[in-house]
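As structure tokens, one chain now follows by itself in the form predicted on its own.
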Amino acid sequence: MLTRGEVSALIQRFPKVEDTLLSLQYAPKMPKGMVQETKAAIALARKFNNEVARPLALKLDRKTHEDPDYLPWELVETANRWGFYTRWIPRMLGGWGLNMPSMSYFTEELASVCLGITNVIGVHYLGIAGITACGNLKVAKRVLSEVVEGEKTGTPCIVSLSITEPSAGTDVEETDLMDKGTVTCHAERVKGGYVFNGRKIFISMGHVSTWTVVFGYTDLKRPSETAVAAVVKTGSPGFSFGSHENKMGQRVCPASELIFEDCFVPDNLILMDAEKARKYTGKPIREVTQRYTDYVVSATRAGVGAMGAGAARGAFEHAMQYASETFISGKPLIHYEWVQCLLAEMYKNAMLARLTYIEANYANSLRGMYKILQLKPFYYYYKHVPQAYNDKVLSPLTEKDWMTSLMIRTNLDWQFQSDQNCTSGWASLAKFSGTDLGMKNCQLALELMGQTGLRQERWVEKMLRDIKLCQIYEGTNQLNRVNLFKCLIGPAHPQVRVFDEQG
């Protein structure tokens, strides 16, 4: 038990405004070109919603109920034609090179119509984050070159990330929890690479991906100290797909079972292991694994928060439409004060959800994985240098050992713990706030619409099914609350232990 004095000391250490408002710190440093670039990304999302997502969303949802094994190949091909799988790949690696925060605004816009279609596009960048976060440019170049080529040829190349296991979901996203969980995906060191054996489940877009980032462990009793990250190509011997989950929401985005049976992965497809950690960072693999994981989720959890903001906004818009069209005693429902109060509450929820992911983006821009790309000199250099120069001069640098060494050290060795705490903590805040507020607005919309809202053609019941998944993946909202405490509150109170007592 803490004494009153200790409690008082905790309260006095509450973070000050200047320490938490990252927008104030980043705004003067932000390249102005990002503003127009972001507006263009939002406009593109609106165009896609009007021409593709809105006409298809309910039809695809019904189709997945009629055929639970349906896979969205045509939707993936459409997204590929629109350039969605390369727009946020850096130009050095062949992509369009849009600034990363713009993707959150783009995501919110798509999610205001359909979270499932949003995830068919967005989860690809979870896989890309899994590849780029460790800084292994040789592997990144190999995989992302195929993604870029797939856009040119019209044959989509999607990347997924597989970490969840049948007996280990949230556990594997924190090294403090890994050893308490039950992991089963074994990575055995052999000459020239690793042999993987095990299963992964609930892997978004697994069945339609070309490349998969997979995590295994050389010692299943000590996973936090023996993690191995690799990329495996679909069709590789020993790698196959199992069941396709018949899930509640976001049904158009498949959740797959991945099976590894004596699947050999050569050294040139290993992203990170204990040997590379020692060679490039000098740090124990446990610490490197947590930094690597934090780098990935700091970016992607902000994206899930944006999905929650989109759902909150979409539910509000449908509630507004219903209140405007429905009459009681000859008067539109929206004229009633209690309805106006409810709509004001929903509007507030949507705005708060947006503000949290924006602040998480500022954290990543200042201290996270893509901060170098958004420094003004680098940003404008990459924007204006001809792509031919990128292809002939900059791109070949990714094949150099010294460049890979520099990037791995930058990402996993030279990062301050305070930066890691800032980006990871704000990403968790955005994730659970955005998705909880999205869920709340869907519930409020249903309360307003009554039995009318339960009809699929009114959209809201689908949005409610869809948003529930966002509270679970990318770490459950419970885990993200504890992670926020660990990252943003705990460092000021070293006497308080985190991930210790399970209650």
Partner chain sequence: MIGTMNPELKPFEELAASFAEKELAKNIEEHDRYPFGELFTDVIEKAFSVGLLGVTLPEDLGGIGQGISTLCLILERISQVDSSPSGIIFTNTLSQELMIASGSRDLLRETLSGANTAYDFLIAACSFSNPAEIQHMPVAQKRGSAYHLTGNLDYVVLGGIASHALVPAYRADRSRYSFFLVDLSDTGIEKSGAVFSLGLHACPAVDMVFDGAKARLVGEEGKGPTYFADVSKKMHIAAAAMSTGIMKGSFKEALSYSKDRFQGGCAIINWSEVSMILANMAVKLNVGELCVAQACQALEQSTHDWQHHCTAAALHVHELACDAVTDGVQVLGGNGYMKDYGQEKRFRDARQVQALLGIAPLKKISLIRDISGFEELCG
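Numbering follows the first chain given and starts at 1. Keep in mind that this is a model prediction, so the values were computed, not measured.
Omitted here: the form predicted together with its partner chain. The next part is about that form.
Colleague: Give me the residue from Tyr347, Phe241, Tyr336, Phe378 that has a heavy atom within 4.5 Å of its partner chain in the predicted bound form.
Modeller: Selected residue: Tyr336.
Colleague: Which of these residues, Ser428, Ser160, Thr132, Gln250, gets a heavy atom within 4.5 Å of its partner chain in the predicted bound form?
Modeller: If I apply the 4.5 Å criterion carefully, the residue I get is Gln250.
Colleague: Using a 4.5 Å heavy atom cut-off, are Asp61, Met439 and Glu447 all in contact with its partner chain in the predicted bound form?
Modeller: Affirmative, all three are within 4.5 Å.
Colleague: Among 94-102, 367-375, 175-183, 419-427, which stretch has residues with heavy atoms no more than 4.5 Å from its partner chain in the predicted bound form?
Modeller: Result for this chain: 175-183.
Colleague: Does its partner chain come within 4.5 Å of any heavy atom of Glu325 in the predicted bound form?
Modeller: Contact with its partner chain, yes.
Colleague: Wondering, does Val231 line up within 4.5 Å of its partner chain in the predicted bound form on heavy atoms?
Modeller: No, Val231 is distant from the partner.
Colleague: Classify Glu287 as contacting or not contacting its partner chain in the predicted bound form by the rule of any non-hydrogen atom within 4.5 angstroms, answering yes or no.
Modeller: Looking in the predicted bound form, residue contacts with its partner chain do not include Glu287, since no heavy atom lies within 4.5 Å.
Colleague: Can you check whether Ser167 is within 4.5 Å of its partner chain in the predicted bound form, heavy atom basis?
Modeller: Answer yes; at least one heavy atom of Ser167 falls within 4.5 Å of its partner chain in the predicted bound form.
Colleague: Which residues within 475-489 place at least one heavy atom within 4.5 Å of its partner chain in the predicted bound form?
Modeller: Stretch hits, in order: Thr476, Asn477, Gln478.
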